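The data below hold one chain only, encoded as structure tokens and taken in the form predicted alone.
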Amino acid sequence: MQIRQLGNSGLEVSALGLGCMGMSFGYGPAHDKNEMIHLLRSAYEKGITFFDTAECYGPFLNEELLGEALAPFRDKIVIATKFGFLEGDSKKGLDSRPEWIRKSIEGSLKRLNTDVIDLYYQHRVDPNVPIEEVAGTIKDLIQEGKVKHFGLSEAGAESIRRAHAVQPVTALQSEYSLWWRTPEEEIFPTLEELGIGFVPFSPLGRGFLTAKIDENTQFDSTDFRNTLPRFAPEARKTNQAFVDLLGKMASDRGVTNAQIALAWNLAQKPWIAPIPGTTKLHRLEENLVALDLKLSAEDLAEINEAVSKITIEGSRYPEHLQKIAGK
């Protein structure tokens, strides 16, 4: 397994991590616990050492799952989790008050069956709590030995700088893929300047880039993609052109859509460690092949040129959620 370092922090992780949200939350009903434990342990056996969760995935179910599944090799892996929603529930709004962060860390430590969190992210920037207070609280938790590294998720450049001035930020986690490249504009230069790593979530476009979803796909009623403008049936119909283009590139190289999308993501910066999620072992194995798929400068230029000619239909979040992304 290839290893990458997240910025200048010294935190080393497998070049490809595993996003675990979908096992318990977000994409329909929670999956069978024993099957997911098998998947998580198989991921470790295949070299993955970077596992991503959050207290709000469930809420709490996903952390409990990881706590049980990863216990046999806890000291050999990096577990990242997140705080920042009221009572750990994303439906109840943001809460990054220092007193809630302290309650959150105790709950996460217990559920994850560990005495320290390797990477602790603020899930979204809370406009009601100065980012300096958040960073200061995490600094205290690091000094107390409960947290090793501080992370932010979907934060904007100004918030990153303000937080980093109080407690060095190890990693930013944000959405990034061939069909959502906004972080390249302002975020990447900021991270490079400050020596912060980047952890892309949804590097496969929440599944759309895999070519397994089209305009006729019916999502489970509890699947949050039902609420995303980019996944409305008409938007999917328009966006199919993007998937078809990616499919041709993949076919020309004898690989799958997912593999070329991940290889592209990995090729952007040496301090990037994507965390594609899956609930299927064969998809995990497919994703890992991307680590050995080397895209040349000519390949990347061809992809960039082709993609630049396609307009993606639909915003990535509904309007009320856009307000808490990238601030």
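From 1 onward, residues are counted along the sequence shown. Everything numeric here is computed off the predicted structure, so don't read it as measured data.
This next part talks about the form predicted together with a small molecule, which is not shown.
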Heavy atom contact within 4.5 Å of the small molecule in the predicted bound form, the stretch among 92 to 100, 117 to 125, 161 to 169, 138 to 146: 117 to 125
Heavy atom of each of Ser14, Gly151 and Phe198 within 4.5 Å of the small molecule in the predicted bound form: no
The small molecule: the contacting residue among Arg253, Arg74, Lys212, Lys110 in the predicted bound form [heavy atom, 4.5 Å]: Lys212
4.5 Å heavy atom contact, Ile272 and the small molecule in the predicted bound form: no
Touches the small molecule in the predicted bound form: Pro183 (any heavy atom, 4.5 Å): no
4.5 Å heavy atom contact, Ala258 and the small molecule in the predicted bound form: yes
4.5 Å heavy atom contact, Gly205 to the small molecule in the predicted bound form: yes
